[in-house]
Each structure stands twice: as C-alpha cells, then as structure tokens.
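Given next, in structure tokens, is a single chain: the form predicted on its own.
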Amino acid sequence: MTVATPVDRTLGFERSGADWRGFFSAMATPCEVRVETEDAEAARAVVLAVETEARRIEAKFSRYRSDSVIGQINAGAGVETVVDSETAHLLDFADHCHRISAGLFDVTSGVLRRVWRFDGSANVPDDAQIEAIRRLVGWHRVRWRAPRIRLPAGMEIDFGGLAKEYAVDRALAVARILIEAPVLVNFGGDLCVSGPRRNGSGWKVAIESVDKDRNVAGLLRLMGGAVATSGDARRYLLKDGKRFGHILDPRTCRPVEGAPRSVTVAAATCVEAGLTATLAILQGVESEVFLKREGVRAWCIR
C-alpha cells in the first residue's frame, strides 16, 4: 500500500485529554482523527496522511467533478470506459451487493436526486416526475466486466452510499502504516478504530439522537472495528405530517416505507457496517428481522 504525500489543509490540531485530535472537512462532512500518543509530531503526521487520503478518494470518486473517475464514467453516454484497479474493485463490490440484496443496493440510483431533494421542505415529486426518471435507474442496464464499463446515455454511477465508508477504512489503514498507537478515524459519524485505547478500554462512541431536542441517544464502547449509522435525522422531506427519509428503494424510486428513523451497525469494517445499516433501512418494517437474521450488532431507533 502506498501513502500519498500529505497536504496540510487541516482546520485544527489539538491536545484532547490523553490523545491528539485533528479535524478537517472533506466529502461534505466533518472529519476527525484521534491518536493516543505523547508524540505530537507523529500524531500530526497521521492526521495529515488521513486528510490526504480522504481528499484523494473525494477527488477520485466525486460525482460532482468532471475530472473524477465517476465524472468520466458518467460522461461516457454509451461509450465504454476503462477503469483502474481500485475503481474496478469498488465496481465489483457494487455488483456483488446488488446481487446479494436482490437489487436493493444500486449505485445507479443516485440520479434520483434530480427529483428527490431532501432539504426538509414539503417538495415531494409527483408520480409523473418519478416515472420519467425510472428508466435511468438499474444496475442490470449497465455493462460491466472489469476493467470496462458502459452506461446507457443519461444513466450515472454514484458511490455516495459507499465512498465515505471506504475512505474511513482506507484512512485507518494509512494511519496504521505510520504509527502503532491507538487511532480513531471518524468521518461524519461513520468511524473505525485500530483497537482498544492504551489503557485497554474501549473508545466511547455516541449514537446520534433523531430527536432534535437531544444530541445523544446512546453510548457505545468500541474495542475494535467500525460503526456506521444510516437514517433520516438530517435529510428528509415533510409533507402533510408525513416524513420521507432520504434512502430510496431503487426498484420503486421512492422512499422506503416503515423503516426505523436510524440504524447503527458495528462491524469489522466501515464499508460492511455502512452497507448493513443501509440495507436494514431498505427492509422497511422488516429492518429488525433482517438485522437479527444477519447476526450483527445493531441499534435501531423508531
């Protein structure tokens, strides 16, 4: 594994109790790195390396950049694009997830943002708008055989449900190359730790409340692995008293009915935790049954 040359754009670096904390913004979310060490310079090097890796992944896989890999694929308009091995790995993973979820996980569904804008308003799209865009959703319409991908004109790939969690896992791997001390990487509430803290205790991890009058719904102690949360606390529509969460069923192109407000999952990696949390939401009223069947550690808020 190679480590990119750090670029110092960190917004903050400070001593926080028994560890060092660095924070910055990337992928439209607040990012935090905590390193439990007495060596300030070593901690700073870890923070900068994590930041650099986060920005690399953001630049490479952002759907908003025409020069990103995703931008180039989406601009293909029916023309075949050859991708590098890292992108091929993620596309293979997306293909696998689509198959095992019976189509619930679909990286072509990001195009639905054109009609669904989860800004807290009452602007729910009508049936005609939804039907008009359905033809642009469906991984089965994509021709993918590594390293070549071709999308029908108008369709898009969006790693929005995957890239941040992948970035967390990659960032922690980069940190572990540089230092043996305990490390926590947290990108917008999706996080991973290298192991227990120096004193053998777990890292305290808060579960965000869906109640606007409360900040924390619960507290976990994480000894290793990752935690990720999926829910509608920040992104939703509200019309006539009905709340529409931002997670859409790609088969109907509409928000999932009867799902928990929030699902938090603990797993070995952030990608696994995030995927499982999202798939649980997509089960709707069967979310808890799904999680129990999968045998994962999870916490649901309804």
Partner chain sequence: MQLKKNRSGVREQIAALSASLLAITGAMAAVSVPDVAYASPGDNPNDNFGPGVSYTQLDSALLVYQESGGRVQAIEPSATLTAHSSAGDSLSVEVIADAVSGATPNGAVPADQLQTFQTPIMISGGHATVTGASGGSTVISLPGVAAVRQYTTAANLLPVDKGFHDHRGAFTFNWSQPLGRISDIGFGGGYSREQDYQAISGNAHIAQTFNGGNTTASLSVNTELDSSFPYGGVPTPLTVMSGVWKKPGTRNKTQLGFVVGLTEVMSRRWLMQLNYSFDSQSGYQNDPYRILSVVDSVSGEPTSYLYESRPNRRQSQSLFWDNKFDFDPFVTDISLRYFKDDWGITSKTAELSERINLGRSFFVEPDVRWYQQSAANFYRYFLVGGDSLPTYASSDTRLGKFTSLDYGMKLGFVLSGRTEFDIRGMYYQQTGDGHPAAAIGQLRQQDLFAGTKAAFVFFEYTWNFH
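Numbering follows the first chain given and starts at 1. Keep in mind that this is a model prediction, so the values were computed, not measured.
There is another form of the same protein, the form predicted in complex with the partner chain; it is not shown, and what comes next is about it.
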State the residue from Thr37, Thr52, Ser62, Thr276 whose non-hydrogen atoms include one within 4.5 Å of the partner chain in the model of the complex. Thr276
May I ask you to choose, among Ser194, Thr229, Asn186, Thr108, the residue with a heavy atom within 4.5 Å of the partner chain in the model of the complex? Ser194
Which one of these stretches, 153-161, 132-140, 90-98, 68-76, sits within 4.5 Å of the partner chain in the model of the complex when only heavy atoms are counted? 90-98
Do heavy atoms from each of Ala18, Ala181 and Gly202 fall within 4.5 Å of the partner chain in the model of the complex? no
Please tell me whether any heavy atom belonging to Phe24 falls inside 4.5 Å of a heavy atom of the partner chain, as the geometry stands in the model of the complex. no
Is it the case that Ala173, even though its partner is missing from this view, gets within 4.5 Å of the partner chain in the model of the complex, heavy atoms only? yes
Could you confirm whether Leu222 comes within 4.5 Å of the partner chain in the model of the complex, counting heavy atoms only? yes
How about Glu272: is it within 4.5 Å of the partner chain in the model of the complex, going by heavy atoms? yes
Residues of 62-90 having any heavy atom within 4.5 Å of the partner chain in the model of the complex, listed in sequence order: Glu80, Ser85, Glu86, His89, Leu90
